[in-house]
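Single chain ahead, written as C-alpha cells, the form predicted alone.
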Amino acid sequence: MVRELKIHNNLSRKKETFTPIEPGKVKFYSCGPTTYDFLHIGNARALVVGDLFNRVLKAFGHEVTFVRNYTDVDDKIIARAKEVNQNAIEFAAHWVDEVKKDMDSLGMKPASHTPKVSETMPEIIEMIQDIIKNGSGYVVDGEVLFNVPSFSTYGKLSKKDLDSLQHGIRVEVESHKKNPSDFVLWKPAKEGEVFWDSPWGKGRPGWHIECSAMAKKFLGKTLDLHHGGIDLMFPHHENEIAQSEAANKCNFCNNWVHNEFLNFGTEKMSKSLGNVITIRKFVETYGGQVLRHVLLSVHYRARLEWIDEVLQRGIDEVRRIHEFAIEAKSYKAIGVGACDPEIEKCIDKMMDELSNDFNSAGALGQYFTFLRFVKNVKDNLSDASLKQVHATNAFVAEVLGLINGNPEEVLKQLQKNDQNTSDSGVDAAWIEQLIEERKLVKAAKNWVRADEIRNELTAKKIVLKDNPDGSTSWKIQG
C-alpha cells in the first residue's frame, strides 16, 4: 500500500498531496553535478537531499525511476581542460569518477539512470529541432536560440514577470537576439573546442536543453517530480520548462522541489567566493557519515548555516547513534511478550514526519526520543520489543541512511579525529571524563562540583554546551 505524502510544490508555492501520473510509480529527475573539479559540501546538500527523496518514495511504496545526470559538456569544463591541455570529454570523465567516489562516501543509493550530456546528443538535437518546428526556436549564424516571448507562461515556476526581465537588459550586447531574454539552445564551436555535427553546423548544446533531453529520454514527456538547488530555479529550471513544453506540447513536470543553500558564515558556499570545503577533504577528516548527518539534520527547505556548533553537534549525534547501533546488537530479550508501545510507534512516527514534505529533521528527533527510551529499558525488553528495536535501526539505516552498515568503522574515524585534536594539545579523553563526572554530579544535585568542572574546562579554553537531548558537546574556544 502506498502511503500519502505531502510536498511543498514550488510550482504552486503550496504544500500538496503528491499524486504521481501513474499510481504507485514515480518519475523523478534531480539535477546532477557539473564535472570539472572536486565537489564542495554545498554541492553535497543537493546530492544527499535527492538521495533522501529517492529513499523515502520507495519506503512509501512507490516504484521509483530516479534519474540524476552528469553535466560533462560545459564552458567551465572546456576552459579547465584547455588549462591542462586535455581533451574536454576525457577531462570530464576523470571528474565523473571522482564525483562517484564522493557519492559513495556519502552513502548514496544508486540512481536508476545516470546519463551524461555527451551520450545524449541525438536526443538533444532532436528536441531542438522540435522547438524550431513548433515556432519557439530560431537560428542565427549557426546558433539556435529560444524565443522566450513565444512561450506565454514563461516565469510560472520562478514567478518572475517577463516584462521586468526584458527591461534593463542591454540589447546591444547581443544584437543577434530577437529578444533580450532569449537563451541559447545550440552554440557554434570555437576553434579547438569539442563539437558535434548538427543541422546548424558544428557545435554543442546550451546548458538548459541538456537536462530537458536527458529527462525525456529516460522518463518521458511529463515528470512527477523534479529537484535541484534553489539557485537552479531561475533561469535553469524555468528554461527547462519552456523548452520542454515548447518541444513536447504538454506539461513538463507536475511537482518541483528545491533545497536551500548551505551558508558558510553569511555567504553561500561557492568556489567563486573562495569559501569552499570539499567533500573529499571533509570526509578524510570526519567521515562521510558526519556530513550526511549534518545535511539531513535540518529540513531541506531551511538554510543550513555552517558553523562550528553545527559540526560538533553532528559529530556528537553520529557517535551516539552508532554507539547505540553496536550496543543494541548485544541486547537480550527477557522473554516472550508484547511490544512496548513507545518502541512499536517509532517507525510510524518517523514515517509521519517524512510524509510532511520529507521532514528528515523531525524523523531524526523521533529517533533520538526512541533511542533514549530504549537505553532506559534495555534490561527489560520482550522478544517483540527487541525485534522492533532492530527493525527501527534498520529503517533509519535504509530510509535515512543515518546508520552506517559498519558502525565500528564510523566510530574509528571519529576516534581518529579526536586523536588529532589531542595531538593539537587537547586531551579529548580527559575532557570526556570530566563531562561524564559533571553529568553524574548534576544528577546528584551537586551544583558546586558541576560548576567547578565547567570552570576548570573554561580555564583550558574548552567551551561546553548542554544540548536539549541531555548530551553535552564541547569545542576549543578560538
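Throughout, we count residues from 1 along the sequence that is shown. Just so you know, these numbers come straight off a predicted model, no measurement behind them.
Below: the form predicted in complex with a small molecule, not depicted.
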Report task. Flag residue 347 as yes or no: does it have a non-hydrogen atom within 4.5 angstroms of any non-hydrogen atom of the small molecule in the model of the complex? Result -> no
Query raised in the report: Taking heavy atoms only, is residue 413 within 4.5 angstroms of the small molecule in the model of the complex?
Result: no
Query raised in the report: Any of the heavy atoms of residue 50 lying within 4.5 Å of the small molecule in the model of the complex?
Result: no
**Report entry** Distance check, residue 65 to the small molecule in the model of the complex, heavy atom within 4.5 Å
**Finding:** no
**Report entry** Stretch in contact, per heavy atom within 4.5 angstroms of the small molecule in the model of the complex, of 52 to 60, 448 to 456, 28 to 36, 432 to 440
**Finding:** 28 to 36
Report summary line: If we test each of 195, 234, 261, 373 for a heavy atom within 4.5 Å of the small molecule in the model of the complex, the one that passes is 261
Query raised in the report: What is the one choice in 203, 107, 228, 206 with a heavy atom within 4.5 Å of the small molecule in the model of the complex?
Result: 228
